[in-house]
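One chain comes next, on its own, written as structure tokens: the form predicted alone.
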Amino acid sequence: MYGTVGKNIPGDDFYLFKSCQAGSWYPGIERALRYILERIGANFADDPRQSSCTGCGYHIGVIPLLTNVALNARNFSLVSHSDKTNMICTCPTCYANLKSCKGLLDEETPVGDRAIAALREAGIEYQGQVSINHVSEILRERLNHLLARSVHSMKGVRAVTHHGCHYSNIFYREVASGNFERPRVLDDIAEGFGCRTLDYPDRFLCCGVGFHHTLCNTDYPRSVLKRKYSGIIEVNPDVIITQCAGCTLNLDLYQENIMETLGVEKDIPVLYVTELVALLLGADPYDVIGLDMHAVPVEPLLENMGILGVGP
């Protein structure tokens, strides 16, 4: 078993690093994040000049490594020239890809040096004095502030958590709570709000989204998702809590089909952690979070949590 290293999680001065996946599939994930940061009085920059991290394209094989590193050298320089230093990612692929690129740049590797030279030719000097954080770590770090401003609780709610592979498996020593085989970042947040989190078979298993496989071989990722749901339905949770937009899409969009193949008649709402926390702080389920974009109905869960004004 590998242990984790101590991690210094910043509490303020954030640079929001927007995600292609979250923005395309569930834009409420980032709207909910802005709502949360405003409610707890956090300082943050929302820079329209930021580009994609290109992590999805790199993993699928259509973006070269040099392009990936050079674009993120520019992104790091944008952060350094803002008055913020702490990047906050909603996407675990952004989180891991940015950390990988920063390592190649800071360790003076050949590809990092070529990327810095390319940036210099464009008139930009590489600056990398930034920290890279996943939003779930930030929410866990500021949990007491969140609880102080919450208007709803999760008492009586039974949940399972699903942490993204690119959060816990790549920089596996840097999991903020638990370890890479059993991360607890989402569990700590949910339990802080009174939720009961449940263990389940294959808790560590990927959701099956697998960028390349999803495009080229759908049978394999669906078989992984079916196995994942086979474990989840054994404990019959009220909600699945996620920290990755891709996992959220896979667990939400394909749930009806997977349940049919398993012969189970049940809807299990899937909520990304910022959506859930924003709801607990009083955000409107539709105007702020856009929960009507979810495939699995969330209304029964909202009613169980005592959230008023539900329903379209």
Partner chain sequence: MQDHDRISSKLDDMKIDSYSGFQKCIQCGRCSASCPAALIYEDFTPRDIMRRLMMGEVENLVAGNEIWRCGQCFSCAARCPRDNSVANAILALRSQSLQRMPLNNEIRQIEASLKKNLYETGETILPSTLLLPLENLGGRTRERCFDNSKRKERLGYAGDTARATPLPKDALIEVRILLEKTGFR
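Numbering follows the first chain given and starts at 1. Here the structure is a predicted model, which means the values were calculated and not measured.
The protein also exists as the form predicted in complex with the partner chain; that form is not presented, and the subsequent description refers to it.
The partner chain is absent from this chain, but in the predicted bound form, do 74, 169 and 173 each have a non-hydrogen atom within 4.5 Å of it?
Contact check passed for all of 74, 169 and 173.
Against the partner chain in the predicted bound form, would residue 287 count as a contact residue? Criterion: heavy atoms within 4.5 Å.
Within the cut-off, so yes.
Can you tell me if residue 234 lies within 4.5 angstroms of the partner chain in the predicted bound form, counting non-hydrogen atoms only?
Result no; residue 234 lies far from the partner chain in the predicted bound form.
Please check if residue 253 has a heavy atom lying within 4.5 Å of any heavy atom of the partner chain in the predicted bound form.
Yes, residue 253 lies within 4.5 Å of the partner chain in the predicted bound form.
With the partner left out here, check for me: in the predicted bound form, does some heavy atom of residue 100 sit within 4.5 Å of the partner chain?
Yes, residue 100 sits close enough to the partner chain in the predicted bound form that at least one of its heavy atoms falls within 4.5 Å.
Heavy atoms within 4.5 Å of the partner chain in the predicted bound form: which stretch in 146 to 154, 183 to 191, 105 to 113, 81 to 89 meets that?
Contact criterion met by 105 to 113 only.
Taking the partner chain as it sits in the predicted bound form, which residues of 35 to 64 have a non-hydrogen atom within 4.5 Å of it? Please list them.
Contacts from 35 to 64: 48, 49, 50, 51, 52, 54, 56, 57, 58, 59, 60, 61, 62, 63, 64.
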